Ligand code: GLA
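Next comes just one chain, in structure tokens: the form predicted alone.
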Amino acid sequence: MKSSFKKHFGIEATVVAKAPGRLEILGNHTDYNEGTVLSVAVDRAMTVAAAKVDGKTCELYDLVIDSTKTFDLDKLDNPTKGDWSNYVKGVVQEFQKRGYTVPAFKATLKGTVPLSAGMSSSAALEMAFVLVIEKLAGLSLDWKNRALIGQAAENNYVGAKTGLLDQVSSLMGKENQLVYSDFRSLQVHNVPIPAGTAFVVANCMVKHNLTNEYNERREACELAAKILGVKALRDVTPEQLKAAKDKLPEVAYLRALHVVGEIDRVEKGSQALAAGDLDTFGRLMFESQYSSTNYFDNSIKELDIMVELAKTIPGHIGARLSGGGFGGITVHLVKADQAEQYCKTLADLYQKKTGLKTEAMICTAAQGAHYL
């Protein structure tokens, strides 16, 4: 990255940071309901090289898409819809809101996280830039503040009312381990991934743009919590929710049924992993997909087909959509020694069934955001 930076800008980079994308393994749309999630930081990442410059103008160059963006540190108030630099400008603005002076900088970036696929390329971009700006500004933040800056950039500047899951996963990943996050207490710990397993990620090849659907789902969850008289859906058990069904509008009930069920599945899944019970963990993944399809309505036909096909392929343990939904990816827990053949079989079956050519790849758990 340093050589690419020098080649493009003619000066030396003084900081290089790398932040991974993430897969959500169990716990769908639970983060903004103060629930729990099992996720994993993956070996697909955003790498950023940067150096301070004089003045007020920042310049960004994306090596992958050959795109240059410039912006003025004092003129960040009018984001252009759909502009990829909004994620960076949002991060800069959140530093400024917290009273930090952000110096002007030049930066090159290179990402290997698939875009708009549910692996959170946006959080990888945000967390890499948080580390870079922190270093350029001479700051030292803890991981919680780093995560909150990234989330605030996405909420306030980009306009997607996302929770903290993506940023926390990108920051707190470890090799060969899942990340267990409690979004009420912000307690995070790592959970070993059983030996002999691998994650396969398959893109259904329908892109998603989450902003509107995401915000509608969040509002339905908040409405359900308000009617039930609780701070968040975290405070409701599956039994309590079913007993209160008649109090809730149907859509709010179904959305709550998904979230409350997911929080329950995260706890059961954590216990299953600790006991080495992969059959139970796989079953919980399939149950999660059923809930997304039938209760939360954030699956689509192509995602449903892919998960159903998974059940027919040797080596499968469990599968579900991962991330916001409405397109994007499915994540499959499979037996490691059958993972390569699993990828080929899944792609073949999916193309025969839908006519869409998918990309299936094996992902491993990676180190969280760090300086290089």
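Everything quoted here is computed from the prediction, not taken from an experiment. All residue numbers refer to positions in the sequence shown, first residue = 1.
The same protein also exists as the form predicted together with the ligand; that form is not shown, yet it is the one meant from here on.
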Exercise. Since the chain is shown here on its own, which stretch among 265 to 273, 157 to 165, 131 to 139, 235 to 243 would lie within 4.5 Å of the ligand in the model of the complex, judged by heavy atoms?
Worked result: 157 to 165
Exercise. Is there a non-hydrogen atom of residue 39 within 4.5 angstroms of a non-hydrogen atom of the ligand in the model of the complex?
Worked result: no
Problem set entry | 4.5 Å heavy atom contact, residue 324 and the ligand in the model of the complex | yes
For this session: Although the ligand is absent from this view, report whether residue 330 comes within 4.5 Å of it in the model of the complex, heavy atoms only.
Result: no
Exercise. Within a 4.5 Å heavy atom cut-off, is residue 27 in contact with the ligand in the model of the complex?
Worked result: yes
Exercise. Exactly one of 295, 180, 199, 214 has a non-hydrogen atom within 4.5 Å of the ligand in the model of the complex; which residue is it?
Worked result: 214
For this session: Let me know which residues along 338 to 372 have a heavy atom within 4.5 Å of the ligand in the model of the complex, or say none if there are none.
Result: none
